[in-house]
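So this one's two forms of a single chain, laid out as structure tokens and tagged structure 1 and structure 2.
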Structure 1
């Protein structure tokens, strides 16, 4: 069983500061999307109990070569990277096209796992787009995956219902953040990660060129916050404050 996990390089969201409503991204370290880590964990846990191989696939800027070590340390066996400095922040359509082309290069792939949305944009388009490109079945929003020989049984967890879906492999799944708890790699694993095999391609190698952006960003600002931040000392003071605003005791 060979599983490919698609992961996105994003800025570490915890470290983004806001200045004059603008996000300050300089010097913010890069990491991999949170839910993508759940996708990786699902693949690695399966490999550990049933054998097989886990390939991590990602398209991004040159920094990815370093960022991807996180995934290799957390149990991926090898990385397949498409590098181009224009790729961070590229449209979902462009990224899906690249991942689709890359996946066509990866011969043995029984299952492709995505996170349900990237950590930064949370748009959720790439998995469904890639499934359409490859013409394979995809189940989104998985809360559990049970992989058998030629099939996978997936629980798709929607707002008001759960669907139990059987997929014939090769197929794709996108997972919810709640599906598992991603492991934190040990120091030895991190040290060894640098030695794991990486296949690195450029856009040219895939016969692709980056198209002009079709999603144009006019502004990207933190919402204005005009909260009073009044520090109170007791429950009593809180009740008085809220009553004076007719927010309680109506």
Structure 2
């Protein structure tokens, strides 16, 4: 069972500060998206039970070569990267085209797993676009995946029901965050991650040029919040203040 996991490098959301309702990204470290880590965990679990290998695929800036060590430490066997600083902030259409071209260079891929949405913009478009480029079936909103020889049985968790779908491999699946709990790599795994193989390509190697953005973000503002700035000296005063605003029952 050879599985490719598409992962995206994003700023660490826990360390982003807000100033004048705008995110401050200066000095914020880069990491891999949380749902992408769920996708990787699903792939590594399949490898442990069915054999094969896990290849992590990503496209991004030159910093990605260091960031991807997180995935290699968490169980991926190798990395396939497309690096170009111009890819920082590229939209879903551009990234899907690049991943699709890169996947055509990876042989013997049985299953491609995506996170349902990226940790930064959560558009949920890359998985479906890549599946269309490759001409393979896709199932989204997966909360469970079972592999049986050359088929996969996927449980889709929708708002009002669950669907069980069987599809023939090779195929693509995008998973929900609740599908598993990503493992925390040991110190030994982290040290070994840097020695695992990586294949690094540039846009020219794929015969691609970065297309003009089709979607432009005009602003990214945090919700407004008004602070009451009420000084409270005891728990009783806190209860009275909350009750007066009908925030707790009387």
Partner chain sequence: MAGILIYSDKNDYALELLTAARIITASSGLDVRALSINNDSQAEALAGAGAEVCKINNTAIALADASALANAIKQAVEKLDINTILLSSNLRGRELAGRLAQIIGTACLTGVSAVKLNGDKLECQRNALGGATVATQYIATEKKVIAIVPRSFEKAPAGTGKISELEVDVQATPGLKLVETKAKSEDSVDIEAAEVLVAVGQGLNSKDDLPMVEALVKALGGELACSKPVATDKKWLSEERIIGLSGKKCKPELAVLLGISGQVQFNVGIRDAGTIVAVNSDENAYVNKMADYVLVDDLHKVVAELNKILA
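We call the rigid core the largest set of C-alpha positions that still match within 1.5 Å between the two forms. Numbering follows the first chain given and starts at 1. Note that this is a predicted model, so its numbers are computed, not measured.
Student: The form predicted on its own: 1 or 2?
Tutor: Answer 2, the form predicted on its own.
Student: Is there a C-alpha shift of 2 Å or more at residue 237 between structure 1 and structure 2 once the rigid core is superposed?
Tutor: Yes, because once the rigid core is superposed, the C-alpha of residue 237 moves 2 Å or more between structure 1 and structure 2.
Student: Looking at residue 227, what is the CA displacement between structure 1 and structure 2 after core superposition, in angstrom?
Tutor: A shift of 3.8 Å at the C-alpha.
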